[in-house]
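The chain below stands alone and is given as structure tokens, in the form predicted alone.
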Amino acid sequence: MEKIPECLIHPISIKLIRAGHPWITPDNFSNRFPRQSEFVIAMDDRKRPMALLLHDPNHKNVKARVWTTKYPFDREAEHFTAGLQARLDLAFEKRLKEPALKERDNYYLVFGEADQLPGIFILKLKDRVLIQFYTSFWNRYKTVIQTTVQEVFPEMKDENIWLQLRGETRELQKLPVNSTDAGRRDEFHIQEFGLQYLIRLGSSYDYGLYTDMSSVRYVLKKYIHHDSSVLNLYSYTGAFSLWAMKLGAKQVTSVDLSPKYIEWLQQNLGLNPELNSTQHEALTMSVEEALVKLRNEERKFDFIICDPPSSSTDGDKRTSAIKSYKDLISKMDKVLNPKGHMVIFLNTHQVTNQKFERTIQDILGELKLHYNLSARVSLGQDCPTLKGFPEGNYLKGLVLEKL
């Protein structure tokens, strides 16, 4: 094995790694890492080796990811494949011991950095597996990863394994590709908490269900009762809507701007004939338009779910979710019953939990609205978070009770 280059890293990176952060971002130090090197040994300001890094010179935002801080690093690199397999096995074993995951066909087998597998996310979707890479580093190890999956799940056929490059940069935003047939399109049904959902692989960037929200959906069931009226904003393919109907909500309204997602929602509804479709209403329009329409009709709801994209554009300007909440909360308040609840989400690591909560409290004060903070919700179960790594704790939600 060639000698691994030893490179000084930025003083801030030194501090962050010692605190448990697993990323090296672009700076005057990381931009000088030898481009052809697969691994880099990070050196502190006293030229002492402190971490073995997985190098990704082409990534726009993350130039390297910490593999280990355990010395000797040349030995860790020499036995890298065995270490990768051991970490995968440990993550799989942890999920298979989690009894709550038996209630759904979709869950994470690997959740990236929190499972000490930086940039790898692996989803179990019934009898399929979707392997997602957030760094092109892992392309050269995809056969090893696939083989390890099939050793733990020997019933997993090659044609049921999918791979996807996924991330913020354009070169990472790829459709899921089947491991045996790159042109394959796959549609099938999965079960979550007794409900059936249509999953599509190979035809769009997302597959039709946000698995990282599964445990959140379950936690929020205590706010939905047999006489509840529920409003699901930014409904996507309707998982929260169907879940509310299954819990006995008397009326559910779903709002999404995309006709594609509303049609997908209707297909999901059709997969669950035990649900009374007459109790569901779909509005294909912007959330802002829908809230005005519902207010004009003097409609009221007991529970509102608001999960906007982290940023959106109207063609003229791009607006972040947190900046849009002043207008959204004002409009949601007008259609929420007294003692009703709204759950508002933010899906970005760029705003901390504390800043999100403080911003919402400031908005409520400015609008002179009176709410109690009933609960905080976040990632859980199959989606662990890592101390010292706020980027991995991207999902945050607040349940507000109207006084």
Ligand SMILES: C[S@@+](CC[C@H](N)C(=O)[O-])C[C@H]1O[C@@H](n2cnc3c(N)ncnc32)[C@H](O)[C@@H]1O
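Computed from a predicted structure; not experimentally measured. We number the residues from 1 along the sequence you see.
Omitted here: the form predicted together with this ligand. The next part is about that form.
Answer option from Glu76, Asp333, Glu288, Asp186, heavy atom within 4.5 Å of this ligand in the predicted bound form: Here the answer is residue option Glu288.
Heavy atom within 4.5 Å of this ligand in the predicted bound form - residue from Asp302, Asp105, Asp115, Asp256: Result of the distance check: Asp256.
Stretch in contact, per heavy atom within 4.5 angstroms of this ligand in the predicted bound form, of 147-155, 206-214, 178-186, 82-90: The contacting stretch is 206-214.
Tyr134, Phe137 and Leu165 each touching this ligand in the predicted bound form (heavy atom, 4.5 Å): The answer is no; none of Tyr134, Phe137 and Leu165 reaches this ligand.
Partner proximity in the predicted bound form: Trp264 to this ligand, non-hydrogen atom cutoff 4.5 Å: No, Trp264 is distant from the partner.
Contact of Pro309 with this ligand in the predicted bound form (heavy atom, 4.5 Å): Residue-level check for Pro309: yes, a contact with this ligand.
Contact test in the predicted bound form: Val110 vs this ligand, heavy atoms, 4.5 Å: Because no heavy atom of Val110 falls inside 4.5 Å of this ligand in the predicted bound form, the answer is no.
Close approach of Tyr236 to this ligand in the predicted bound form, 4.5 Å, heavy atom: Residue-level check for Tyr236: yes, a contact with this ligand.
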